[in-house]
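Take a look at this one chain, the form predicted alone, written out in structure tokens.
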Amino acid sequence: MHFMPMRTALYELHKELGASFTDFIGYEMPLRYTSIQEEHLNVRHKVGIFDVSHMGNVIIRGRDAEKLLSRITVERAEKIKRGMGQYTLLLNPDGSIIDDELFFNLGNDEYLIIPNSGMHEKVVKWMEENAEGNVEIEDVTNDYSILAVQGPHSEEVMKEIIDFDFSTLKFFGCEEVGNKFRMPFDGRCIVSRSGYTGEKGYEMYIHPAEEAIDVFREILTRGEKYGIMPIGLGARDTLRLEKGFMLAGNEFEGGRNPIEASLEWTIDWEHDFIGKEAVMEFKKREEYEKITYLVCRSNGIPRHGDEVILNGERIGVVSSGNFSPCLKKGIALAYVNTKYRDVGNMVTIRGRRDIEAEIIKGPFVKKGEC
């Protein structure tokens, strides 16, 4: 049986723009338009636009929606006021991470949740299993497109197409702007000040999905004077890795928990949530594997699954590895035994070849360093 890949509403536009495509969790997505390195540096220094419509979209409504979010995520949802959002985690009862995601309080007991690609069905099922009282859960993944405008000039580009004072939007703030476009637009658009590049940026959740085609074109046209480029998933991966951001399929593989993933900062311990007891119990351990930052000191590019070796002994495993366009060397996130995580320790990354690497304090690239 021939498998047909899924495509976003912007697929034909990406072809027109000369994209090279890759399979990403069943989606045929742009890997790059020019080169990964050029696109990466353009986002760091100027601005880029991404189609990230492979991500999930789930809307929950009702007077018990807040209660449901507090139960299934590590965030106390009542803290997130209307017009704000939060990065959070969904956990299994054993404390392992199901998914990391953003959610936004749209007001009137309505929330928008953004699961990772390929996770929306699992997340919806988990919500349905744990929902009580007055709450409606709607999977709208195929009805929405998501565009991300990222980089130092992102605010100027957004002002070119939307009549809104973006300086008032706080980090993780969100706003309905469907009626504020400076171009023909007929639909719903929620804009958030968020992104996964480590740069200033915005994400646009657009309904119906096809409306995003003209928006993408208009952003490219009006953003030309700011040096905008379309950006593929290749640069999205290197951008997030340089900042130490997690990729669900890599960093959460094999049932990792928030303590191992260095994501305890996301947890509000002042409320009950699924998995809380298990994570509290895990915290008592003295020895376990924890996310660690490795910079290569010899030639080579680390890859997912490579072993981390010290004195001939396996002390961990690489979860994400790649070439850093800013540092011009290989970098990796790895789960390393807490006994050996001291900054400055030299280790060997063992994959196709042995690479010498040093443990550093993250992130790899701080603001303004590239």
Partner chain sequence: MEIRDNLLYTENHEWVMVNNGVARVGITDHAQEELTDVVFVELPEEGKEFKKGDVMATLESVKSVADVYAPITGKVVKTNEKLNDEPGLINSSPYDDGWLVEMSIENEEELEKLLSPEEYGKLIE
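What you are looking at is a predicted structure, and each value in this text was computed from that prediction instead of being measured. Residue numbers count along the first chain shown, from 1.
Another form, the form predicted together with the partner chain, is not on view; read the next lines as being about it.
Contacting member of His54, Arg341, Arg32, Arg61, with respect to the partner chain in the predicted bound form [4.5 Å, heavy atom]: After the contact test, the surviving option is Arg32.
The partner chain: the contacting residue among Thr238, Ser145, Asn257, Ser192 in the predicted bound form [heavy atom, 4.5 Å]: Among Thr238, Ser145, Asn257, Ser192, a heavy atom within 4.5 Å of the partner chain in the predicted bound form occurs only for Thr238.
Though only this chain appears here, would Ile301 touch the partner chain in the predicted bound form if you measure heavy atom gaps against 4.5 Å? Residue-level check for Ile301: yes, a contact with the partner chain.
Is Ser70 near the partner chain? Define near as a heavy atom within 4.5 Å, in the predicted bound form. No, no contact at 4.5 Å.
Does at least one non-hydrogen atom of Val308 fall within 4.5 angstroms of the partner chain in the predicted bound form? Answer no; every heavy atom of Val308 is more than 4.5 Å from the partner chain in the predicted bound form.
May I ask you to state whether Ile36 is within 4.5 Å of the partner chain in the predicted bound form, using heavy atom distances? Yes.
Of the listed stretches (62 to 70, 333 to 341, 315 to 323, 46 to 54), which one has a non-hydrogen atom within 4.5 Å of the partner chain in the predicted bound form? Partner-contacting stretch among the options: 315 to 323.
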